[in-house]
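One chain comes next, on its own, written as structure tokens: the form predicted on its own.
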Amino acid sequence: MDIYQLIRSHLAGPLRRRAFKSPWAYRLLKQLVAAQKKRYSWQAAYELLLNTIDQVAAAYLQQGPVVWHNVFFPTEILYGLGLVPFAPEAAAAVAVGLGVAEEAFRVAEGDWVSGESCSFHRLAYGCDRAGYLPPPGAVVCSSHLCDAAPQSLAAAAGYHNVPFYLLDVPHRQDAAAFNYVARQLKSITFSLADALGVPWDQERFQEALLASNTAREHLLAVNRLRGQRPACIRGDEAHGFIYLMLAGFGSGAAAAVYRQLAAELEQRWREQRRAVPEERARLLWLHLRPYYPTEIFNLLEQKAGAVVVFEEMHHVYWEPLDPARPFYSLAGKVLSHHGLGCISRRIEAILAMVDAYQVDGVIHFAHWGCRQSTAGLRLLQDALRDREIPFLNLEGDCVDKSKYAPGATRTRLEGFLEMLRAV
């Protein structure tokens, strides 16, 4: 079911801003979702949606100190402090579904935000200035992987006149780097607590780390099940769970959703319920997908039987956290990201995914303005060519549908599918 269509049909344009700040809107929304529970093909997706509504409501209704963060900041710290995390980049993707993207882009353009910058951040900027986002009590951001986030979120903190904390992440992964990042994480944690008037609760903080570990274990179970043939979940469906990777770790909800998803996958595997009637090819998807309607997944999975069996964003790249050494182990999580540092680390991780999920081809969605994902593509392409793995770099934009060219995209996908058939 299309949750965005459901919301749009009940919240007309002029009411939209006020609805975000109204408790009745969230109660109504949960009732509408619950009334259509049986229409969800995955109960895990249903639970994820209800939990996300609760999290959004907590932010907009200011049920606690709201802290904006970029999607690579370790959210265990925010949950461990009892704060309300809010990711503007994730909100930008939601804004597309709610139909406010064009208005927000116009606001950003009117403030001279460059059209050459990442559209996630342009859109979040416009949504904020247009009054669609909940005001933060503080803003935190890490410097790794995304060049735009530190500038974008620092500007947001200045606009709202709230504290801004930057986690400076070096590119190396030696002992000095671990200590450097761990010290910063500790400093940010206690600075946030002081600035927002939140009492330090060590037991709550450790519970967040344990919840993160539990979510990690269930996600690993999900990933193991996705490695089996035939695929039991389409990539189009699995992409919906990426939100948890970006904003959910440290919450009990992430563990519960992954546990439910693993249980459903295992049951479907036992019953041999296939993701598509005939699995003709298995694909690995790199980076994110467009968040506006396209025919990409329908063409690949439903019509051609080329199933996206795994997404790079679901790769578990870090070791379990140690509650006895919280900041050092969180530093390890940050520094372990395969996209950090030399491009050889990302290539090595992607080749491992190719083997683990027995893929026949790789698609990279080259989001406009995202240098961290596109800068090393030639080297990645060469590495895959050495393994005789077909590769498609599909250029586009995740949230700006004006950059989407349906005809050119279809032509490139059809050519790629022909290549797969020829291998």
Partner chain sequence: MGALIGWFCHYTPVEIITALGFTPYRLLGREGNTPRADTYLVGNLCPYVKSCLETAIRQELPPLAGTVIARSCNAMIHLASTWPRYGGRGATLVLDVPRRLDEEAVLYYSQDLRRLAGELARLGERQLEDSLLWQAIDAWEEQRSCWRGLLAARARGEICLSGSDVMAWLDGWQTGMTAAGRDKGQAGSATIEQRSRPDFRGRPRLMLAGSILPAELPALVEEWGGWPVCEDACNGRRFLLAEVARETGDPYLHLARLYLGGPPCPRMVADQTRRQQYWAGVVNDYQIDGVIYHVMKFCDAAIYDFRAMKDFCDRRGLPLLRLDGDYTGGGRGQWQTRVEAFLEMF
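Residue numbers count along the first chain shown, from 1. Remember, it's a predicted structure, so these values are computed and weren't measured experimentally.
What follows is about the form predicted together with its partner chain, which we do not show.
*Asks:* Could you confirm whether G376 comes within 4.5 Å of its partner chain in the predicted complex, counting heavy atoms only?
*Replies:* Close contact exists here: in the predicted complex, G376 approaches its partner chain to within 4.5 Å, heavy atoms only.
*Asks:* With heavy atoms only and a cut-off of 4.5 Å, decide whether G252 touches its partner chain in the predicted complex.
*Replies:* Because no heavy atom of G252 falls inside 4.5 Å of its partner chain in the predicted complex, the answer is no.
*Asks:* Mark D147 yes when one of its heavy atoms lies within 4.5 Å of a heavy atom of its partner chain in the predicted complex, and no otherwise.
*Replies:* It does: once its partner chain is placed as it appears in the predicted complex, D147 has a heavy atom within 4.5 Å of it.
*Asks:* Answer yes if any heavy atom of Q184 is within 4.5 Å of a heavy atom of its partner chain in the predicted complex; otherwise answer no.
*Replies:* Yes.
*Asks:* Residues G227, R274 and M419 are flagged as a possible site; in the predicted complex, is every one of them within 4.5 Å of its partner chain by some non-hydrogen atom?
*Replies:* So, no: the whole triplet misses its partner chain.
*Asks:* Heavy atoms within 4.5 Å of its partner chain in the predicted complex: which of the stretches 314-322, 284-292, 160-168, 240-248 has them?
*Replies:* Selected range: 160-168.
*Asks:* Heavy atom within 4.5 Å of its partner chain in the predicted complex: which of Y125, Y258, Y79, F310?
*Replies:* By the 4.5 Å heavy-atom cutoff, the listed residue in contact is Y125.
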